[in-house]
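Next up, structure tokens for two forms of one chain, structure 1 and then structure 2.
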Structure 1
Amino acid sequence: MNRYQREIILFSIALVAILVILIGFGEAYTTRLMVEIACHAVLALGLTIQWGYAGVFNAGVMGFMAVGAFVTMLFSFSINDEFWSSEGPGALAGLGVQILLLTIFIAALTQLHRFGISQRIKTACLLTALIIAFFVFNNAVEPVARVIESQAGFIGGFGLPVIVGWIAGGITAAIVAYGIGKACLGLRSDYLAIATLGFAEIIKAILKNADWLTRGTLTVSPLPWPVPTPNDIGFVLARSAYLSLMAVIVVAMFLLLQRAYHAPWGRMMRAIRDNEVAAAAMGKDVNFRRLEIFVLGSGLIGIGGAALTTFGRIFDPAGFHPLKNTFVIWVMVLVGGAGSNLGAIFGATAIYIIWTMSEPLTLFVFDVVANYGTEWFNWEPPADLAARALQTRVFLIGLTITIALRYVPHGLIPEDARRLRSV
């Protein structure tokens, strides 16, 4: 098989699947599915450059998605006049001043060594100050949050264009990634995996509980779209417009990443991935490069999360789930082929279709099983059968990961370097 035949066959299968869905479920559903695929393709591209290009392990995709989604909501949601006319902004500004003072104080402490104070005492002072600052900050947020929540609900958005929100979301996710990466990237990837997993849970906890900022479990909707919404021009047309926008983004990203892959920069990243010691010996700043790609990939994931949430029109922090938002993306990357941009896009398409279709399918299968079970064995199905049935998908995702690792370690569309070598 020459190197293009395989891709053509795989993508043809995906295309046929989409056509079947188009016939079976109609245009509105199919356009929605395709937009979501495109959003997941962005996410998968972000993850594949981290894991596939440089071997950087990010188990907190959900966290970066959530950051991107939140920032988009904050930037693009309509301005909440009630908030701006309440005591909220004043209280918030007061909080801001407090944070500023604390930051200045701590920044001053980091310079203590200039006054001849030993490193050990400095560290101790700094740690104590940080704990006290955190304590003060924590207990200062509470009253401000109460004021805002009682007078205005939440602070609302800035009413800026959606695209600005997406870009801001990506940048914020990248900044957050920089902070985490600074702390953990020097160590082996396991530590980063644990840290990012924890970070994602924390982000979720914060967004879920900070009602004044995000309305928490009350959710924020409807989010504005960068293109006309279904209310204006109908489902199919609006979703097609959204799809065109996403297609442009995916294609642009693909081309840029493909260029980067074949550029000396990409070769260097692969060298770091395959043999860190040798790369370091050749004078590459391994940690800086890994931080670079971690930040870049997380930024892309932030944009992907922003686009996906915007498309759903609702910002619901409780709706983020590690399975759906982290591990499904991982499966896309692993099945597609780590480090392969085309593989990431194919993985996103194939896995997302399977993932979406498996929901009605498992429900159907379990319904049948339950019916026959009741009829033949007098089995009484549990009341939460539907919720349980969906858990088979969790099992299948896990199984796919282990199978992919063992039998197709390089994915269905291996990265270019591997493919070109074997031809």
Structure 2
Amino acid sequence: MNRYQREIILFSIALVAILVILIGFGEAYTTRLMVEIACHAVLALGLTIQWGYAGVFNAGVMGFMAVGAFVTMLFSFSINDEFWSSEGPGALAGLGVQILLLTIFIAALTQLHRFGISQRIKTACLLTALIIAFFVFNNAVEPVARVIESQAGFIGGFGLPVIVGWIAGGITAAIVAYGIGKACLGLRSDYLAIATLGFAEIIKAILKNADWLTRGTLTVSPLPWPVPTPNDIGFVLARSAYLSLMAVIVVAMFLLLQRAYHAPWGRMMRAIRDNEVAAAAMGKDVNFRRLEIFVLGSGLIGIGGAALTTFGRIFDPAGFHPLKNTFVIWVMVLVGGAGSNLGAIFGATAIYIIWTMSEPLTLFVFDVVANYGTEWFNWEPPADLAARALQTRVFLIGLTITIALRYVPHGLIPEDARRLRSV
């Protein structure tokens, strides 16, 4: 079996699985599943160019998803007139001025080496300034938050088109990635993983506790859609329209990333991934290029997180979980094939089907066993079968990644090494 035959067979199996789901669960459920698969395909593409192209280990996928989702909510949610007629805008403007001044001051400290200041003194000054800035910001934001929460609840949104929110979410995630990458990409991969994981938890904690900004655990809903909503044209048509939009986005990203992969830029990234020392010896700025791919991939992850949250029509900071929003995305990339764009799309399809359908299928098996056990052996089935069925998805995902790493360590649709040698 050659590579192309395997790809056809794998995608045919995925198509059959979707058709079975369509027959068993109906059109509304299946279109929802396919939209979520498309959103996860965007996330997997963003991660596979980081790890598969340049070997950058990003364990903070959840954080960039949350950033993209928050910015989309901020841009696209309806305007809160109570906020704009209160004292909140003035207080928020004053806070913005203080943040700008602190940013300028810290940026100036990063240039101390230009005046002959040693690196040790410069680092000490920066750490001291960051600690002082944290306390200053914390003291400044507390009265602003009290004013907004007491007079308006939260700031609301800007009422802009959803697509503008998605673009802004991706750009903001890329900007945040630039700041993190500038500080962390010089670290070893294990330390980089710890740093990005910590960033994701910090972002989640901030969004969860900033009631004046995100309503915290009260959530923000309903979020507008870039296409007609189910209230306008019904579930199936609305979800089909959303699916069509996401399909266009996935195809466009796939074609652009394929072109980049086989371009000199892509070959340079793979050279950095395979032998960083040799790439540096050839005059390549390794840290800059790793930062470049980290920013690009995080921007795509931000767009994927924005699209997924918009589809759910609710922004809930507590709804972001490392298991589902980081680990499962990694499983998609590894099972599909790191560095393979087509593999990332197939991995997103296969793993999300397993993740979603494991609960109803396991519950069906449990019910059959319980019924026959009660009838034949007078068993007393546990009362929490539904909860146990829900937890089997974690077991199945773990089993899937274990089997994949054992038998197809490079993924089901890996990089085409033969074609790479001929380029």
Partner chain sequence: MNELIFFINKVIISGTIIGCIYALGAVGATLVFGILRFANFAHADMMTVGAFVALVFVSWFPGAGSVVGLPTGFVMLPVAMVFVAIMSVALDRMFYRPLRERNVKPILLLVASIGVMLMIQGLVRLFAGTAPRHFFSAEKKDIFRIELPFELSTRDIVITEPQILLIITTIVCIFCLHRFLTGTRLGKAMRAMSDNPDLALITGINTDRVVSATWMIAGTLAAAGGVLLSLDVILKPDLSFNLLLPIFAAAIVGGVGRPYGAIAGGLLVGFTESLAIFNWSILLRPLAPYIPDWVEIPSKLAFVPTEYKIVVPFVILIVVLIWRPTGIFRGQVL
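In this text the structure is predicted, and so the values were computed from the model without any measurement. Residue positions are counted from 1 along structure 1's sequence. The term rigid core refers to the maximal set of C-alpha atoms that superpose within 1.5 Å between the two forms.
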Pair member that is the form predicted alone: 2
Flag for Phe366, CA shift 2 Å or larger between structures 1 and 2 after aligning core: yes
CA of Thr402, rigid core aligned, shift of 2 Å or more between structures 1 and 2: yes
Did Thr128 shift 2 Å or more between structures 1 and 2, C-alpha, core superposed: yes
Core superposition result - C-alpha of Glu380, shift between structures 1 and 2, Å: 9.0
Shift in Å of the Ala389 Cα between structures 1 and 2 [rigid core superposition]: 5.1
